[in-house]
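Below you will find one chain, with nothing else, as structure tokens; this is the form predicted on its own, and questions on how it binds or moves follow later.
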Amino acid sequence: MGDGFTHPYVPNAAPAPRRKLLDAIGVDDVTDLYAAIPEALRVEGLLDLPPALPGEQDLRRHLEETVARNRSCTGSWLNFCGAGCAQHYVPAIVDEIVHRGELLTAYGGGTYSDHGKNQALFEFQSLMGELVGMEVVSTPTYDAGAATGSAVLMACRIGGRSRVLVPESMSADRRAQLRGFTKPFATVETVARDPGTGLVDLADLRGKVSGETAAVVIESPGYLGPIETGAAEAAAIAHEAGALLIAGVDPISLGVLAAPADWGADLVVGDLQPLGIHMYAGGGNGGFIASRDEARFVAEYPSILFSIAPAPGNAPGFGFAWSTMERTSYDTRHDATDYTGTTQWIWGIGAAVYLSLMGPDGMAELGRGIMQRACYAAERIADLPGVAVPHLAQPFFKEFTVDFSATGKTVAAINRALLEAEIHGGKDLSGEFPALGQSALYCVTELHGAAEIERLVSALGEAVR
């Protein structure tokens, strides 16, 4: 390749267009663009990268070999790992719609150029609003963690406060993401987990909430699976102190669980992944924020909102367009209170297709089926010698913890044995929650029938011997 090589995958890499671009901005060399970066922060020399793959066939072969190293979750393989991204059934019509070229390739668009996409996202907002019991829903954020971070900042701005209380059982990844995102504006503190029930310790919450608390975050179902039966009381405690209640939910549970608006939530966040989105390596997630239609909430949304309006004059029909755009970083730029940019709009359209296909009755049937399967699996696993399922008497949704401490085996060893049986076991919690001992988080969805659960139980029985 040598000097003068022009890479086929790098836009404007040829000498002539590159020179034209540099001349247009008055720069002699591309390295001048990095003059503001201190020398101490620059990498000396070249990165230790493998040779370039200039041929398309070489690149394709490399990617296929890389993908082939993955272990499947389909066919003869079973997957019982969730912890934020779970394996649900995706109806064929969802894939058919989201892969349509006019939706898959539509990016920014505008009022006059993207009527179909604008309406699809408006329908997404409407369907999600009905599901969570709120009138206003954001377009999709990057994931539920990003939605939680933005909701916390919204609460801080609305109340003029800076303390936020979150459950001790929140995932370590989510808590780290939240702290990193809100660090300049909020202090994140944890509320203890009641070891007897696995739920938020309401006495500890009452002792920690104060006039400086901007928001209390309650997750139901929680990261470890339990349904927070004291969520309404937690909301009342937050409201007594003048704080907002942010509810983190799994939207696929809301066919059987009360909408968060019904038990006192002010802001609702969650991930769209269960609603017709496949698991992907590093993707397949999209968050949302929802609230009541009140000016104090709407004014603080960082994300784009779609609205509907009748056609002007006597013209028939309606139009769909961006609403109150001055809230967003698109308009306020460096003065923005939060950032919104390229996110996961395509997943919002997929979720809208999924929800419209399922309907209220379908979501209720689905939720009941998941709970029944999860309860059956937990009871069968708890019957294994030396294996315990804590808080089995407490209601939970699709995930639950399994404690292998009494077997003398580590979760890592058990999961290795399960892989030999073509089963992905639960997420190892021993590093994230040391107090739980050798525990794993198992996830059971509508894809797991009696035969699949019995196969897991049999493999676990062999693994713990």
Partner chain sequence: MSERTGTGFHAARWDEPLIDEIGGEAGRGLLPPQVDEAIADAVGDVAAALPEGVRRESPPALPALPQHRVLRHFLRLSQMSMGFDVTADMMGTCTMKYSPKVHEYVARKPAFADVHPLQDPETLQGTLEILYRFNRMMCAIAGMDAFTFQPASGAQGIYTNACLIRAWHESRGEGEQRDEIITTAFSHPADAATPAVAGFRVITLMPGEMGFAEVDALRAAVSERTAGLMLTNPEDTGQYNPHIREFVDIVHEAGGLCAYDQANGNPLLGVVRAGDTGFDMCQFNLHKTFSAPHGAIGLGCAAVGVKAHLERFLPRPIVTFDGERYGLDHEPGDGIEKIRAFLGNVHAVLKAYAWVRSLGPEGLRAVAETAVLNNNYMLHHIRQIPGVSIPWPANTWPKLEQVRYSWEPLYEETGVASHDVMNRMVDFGVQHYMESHVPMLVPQPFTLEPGESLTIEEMDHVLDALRRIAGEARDVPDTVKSAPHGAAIRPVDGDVPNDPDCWAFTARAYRRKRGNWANVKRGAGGHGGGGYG
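Values in this document were obtained by computation on a predicted structure and should not be read as measured data. Here, rigid core means the biggest group of C-alpha atoms that superpose within 1.5 Å across both forms. Residue numbers count along the first chain shown, from 1.
Note that the form predicted in complex with its partner chain isn't included here; everything after this is about it.
This chain is displayed alone, yet in the model of the complex one of G276, P226, G270, G82 has a heavy atom within 4.5 Å of its partner chain; that residue is G82.
For the options P385, G101, G211, P195, the one in contact with its partner chain in the model of the complex, meaning a heavy atom within 4.5 Å, is G101. Proximity of G129 to its partner chain in the model of the complex: non-hydrogen atoms within 4.5 Å are present. Remark: R18 counts among the residues lining its partner chain in the model of the complex, judged by a heavy atom distance of 4.5 Å or less. For the chain shown alone, E233 is not a contact residue for its partner chain in the model of the complex, no non-hydrogen atom being within 4.5 angstroms. Although the partner is absent here, G437 lies well away from its partner chain in the model of the complex, with no heavy atom inside 4.5 Å.
The three residues L202, L205 and V389 each lack any heavy atom within 4.5 Å of its partner chain in the model of the complex.
Contact with its partner chain in the model of the complex, defined as any heavy atom within 4.5 Å, is confined among 233-241, 161-169, 374-382, 187-195 to 374-382. Looking at 173-206, the residues that come within 4.5 Å of its partner chain in the model of the complex, counting any heavy atom, are D173, A176, Q177, R179, G180, F181, K183, P184, F185.
Relative to the superposed core, G408 undergoes a Cα shift smaller than 2 Å between this form and the one not shown. V457 shows a C-alpha shift below 2 Å between this form and the one not shown [criterion: core-superposed Cα displacement of 2 Å]. The rigid-core alignment places the CA of L22 2 Å or more apart between this form and the one not shown.
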